[in-house]
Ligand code: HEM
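One chain comes next, on its own, written as structure tokens: the form predicted alone.
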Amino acid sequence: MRSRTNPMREVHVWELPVRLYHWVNALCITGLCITGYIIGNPPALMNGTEAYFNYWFGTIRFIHFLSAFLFFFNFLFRIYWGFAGNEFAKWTNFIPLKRSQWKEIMDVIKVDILQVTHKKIDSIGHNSLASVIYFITFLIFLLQCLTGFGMYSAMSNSFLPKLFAWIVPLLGGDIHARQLHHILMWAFILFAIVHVYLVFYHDYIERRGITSSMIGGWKFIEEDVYERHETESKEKAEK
């Protein structure tokens, strides 16, 4: 655990749009996973009861579709904010094109996964490994939207779902699209479990206010780390 004897500085890392995206996304994923699991294994059909007595299932589907639309447009907004946001929100953080990013990825693996070293990670925003994992989840989000709206297009006359009608034939039919959609749901659940664990783990180890930063936007960063970051930022701006 890091000592609080080091001088710390409050740094506004996560802008309001990023924080809103995060919590709307978390709410949507929770609703989609719960309702999606019920839709994939409907109790009404499994018990052989009349659909007339089980219209709540229609409510489940409505919540799923509503959450899907909200999830989709929230995701589109995050793509936009990756270009319009501050330095910690930009896409350059999520795609490891620099040698320093790959070095930090290895350092984080040694600390978080292998636990063979206690070397501190000085990233102010997401560390490089977390950024890469988030980028992979963005790709999963995209694939989940494609398969979900692709299946929905067969029962909807709306403009948006019809844009994805080509997805199901491309995947080889409805059953393959459903299987992929279902597998990706479990990827969401696994990611959520690991994500929550690591957030609390790093909050305890680093003592930078990681958990509260996604509410207020502020993190506590060591003075020397912040000054080094500012120096590097100015050097990049001058080039």
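These numbers were taken from a predicted model, which means no experiment stands behind them. Start at 1 and count along the sequence shown; that's the residue number.
Beyond the structure shown, there is the form predicted together with the named molecule, which is absent from this document and is the topic of what follows.
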Please check if Ile95 has a heavy atom lying within 4.5 Å of any heavy atom of the named molecule in the predicted bound form.
-> no
Are any of the heavy atoms in Ser128 no more than 4.5 Å from a heavy atom of the named molecule in the predicted bound form?
-> no
Would Gly40 sit within 4.5 Å of the named molecule in the predicted bound form, counting heavy atoms only?
-> yes
Close approach of Phe65 to the named molecule in the predicted bound form, 4.5 Å, heavy atom | yes
From the list Ile210, Ile205, Leu198, Cys33, which entry has a heavy atom within 4.5 Å of the named molecule in the predicted bound form?
-> Cys33
Among Arg61, Gln144 and His182, does every residue place a heavy atom within 4.5 Å of the named molecule in the predicted bound form?
-> yes
84-92, 128-136, 99-107, 144-152: which one contacts the named molecule in the predicted bound form at 4.5 Å, heavy atom to heavy atom?
-> 144-152
